[in-house]
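Before any questions on binding or motion, here is one chain by itself as structure tokens, the form predicted on its own.
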Amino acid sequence: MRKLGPWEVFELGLGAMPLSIEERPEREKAIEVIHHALDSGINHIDTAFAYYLAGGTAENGEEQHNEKLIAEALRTYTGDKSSVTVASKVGHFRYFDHTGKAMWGQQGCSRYILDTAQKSRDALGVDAIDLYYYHRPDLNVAYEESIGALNKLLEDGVIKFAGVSNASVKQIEYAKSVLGEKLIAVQNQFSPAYTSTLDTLEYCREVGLTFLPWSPLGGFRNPDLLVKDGVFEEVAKRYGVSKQQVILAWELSKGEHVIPIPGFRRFETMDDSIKAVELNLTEDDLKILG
């Protein structure tokens, strides 16, 4: 178990985005995946307002698909869910560009954040959201305004704790200066194919924040990006495990403050990845992997 603010959570979280966007499974299957994660000991679930099909609207039921899916999965789960925490995010929305390509837009103005948080709280069916991230900086809105809105949500009791995502060290520093101890987490992309955020991972260790890598396995669309001169495959073959297990074990070795949040659509890949918490890489392994 690892620390996430006041909570003890499993070493891997569930990134629920693949259950609601393009190529998503049927709703019943998606709920089964969430239940399987809970049965397996995973007790932190990551969602966002914007995890729905591009072009979705409230009218056709697509907007907030993932938040509502998680709420339903938790409602219908018959096991112990007393330790389950759910994080959501604000600042992204989905749309199609002029070519019909699915896109992710940003909106970070204070009014949007405040209004959207209320919608997320309602969709999740809670009195207060456990952890709420500013999803991605909006270049057209001052970062100070967006973080100020998070602080207002904390003051009003809409959210319990705050986080920032896709943030630089400078932005994390600023958020910490405003939010204080209520800032508990940073969620940035990090994997063997994406190490440019290592500075933020190290900064989080220094100041006591939890670092949750998104797309820790490269993202379901780009798994081939994780081929790094064959070193992860080499170590995987030596232990007789999957490359994905080695990748997650390598990320976990970066510090006790690191909690990867891989996304799953199938039980088999989830079960395989969970075994990473039992894979103890040696110092020689880590030197090879970098």
Ligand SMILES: NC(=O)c1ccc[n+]([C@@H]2O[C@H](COP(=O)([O-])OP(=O)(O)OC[C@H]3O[C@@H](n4cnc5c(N)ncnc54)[C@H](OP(=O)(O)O)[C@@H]3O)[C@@H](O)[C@H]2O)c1
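Note that the coordinates shown come from a computational prediction; the quantities given were computed from them, not determined experimentally. One rule holds for the numbers: they count along the sequence shown, beginning at 1.
One more form of this protein should be noted, the form predicted together with the named molecule, which is absent from this view; the next part is about it.
Of the heavy atoms in residue 219, some are within 4.5 Å of the named molecule in the predicted bound form. Residue contact check for residue 49: none of its heavy atoms lie within 4.5 Å of the named molecule in the predicted bound form. At least one heavy atom of residue 166 is located within 4.5 Å of the named molecule in the predicted bound form. The closest heavy atom approach of residue 277 to the named molecule in the predicted bound form falls outside 4.5 Å. Contact with the named molecule in the predicted bound form, defined as any heavy atom within 4.5 Å, is confined among 112-120, 77-85, 169-177, 207-215 to 207-215. Contact check for 24, 107 and 146: none of the three has a heavy atom within 4.5 Å of the named molecule in the predicted bound form. Contacts to the named molecule in the predicted bound form (heavy atom within 4.5 Å) from stretch 8-24: 15, 16, 17, 18.
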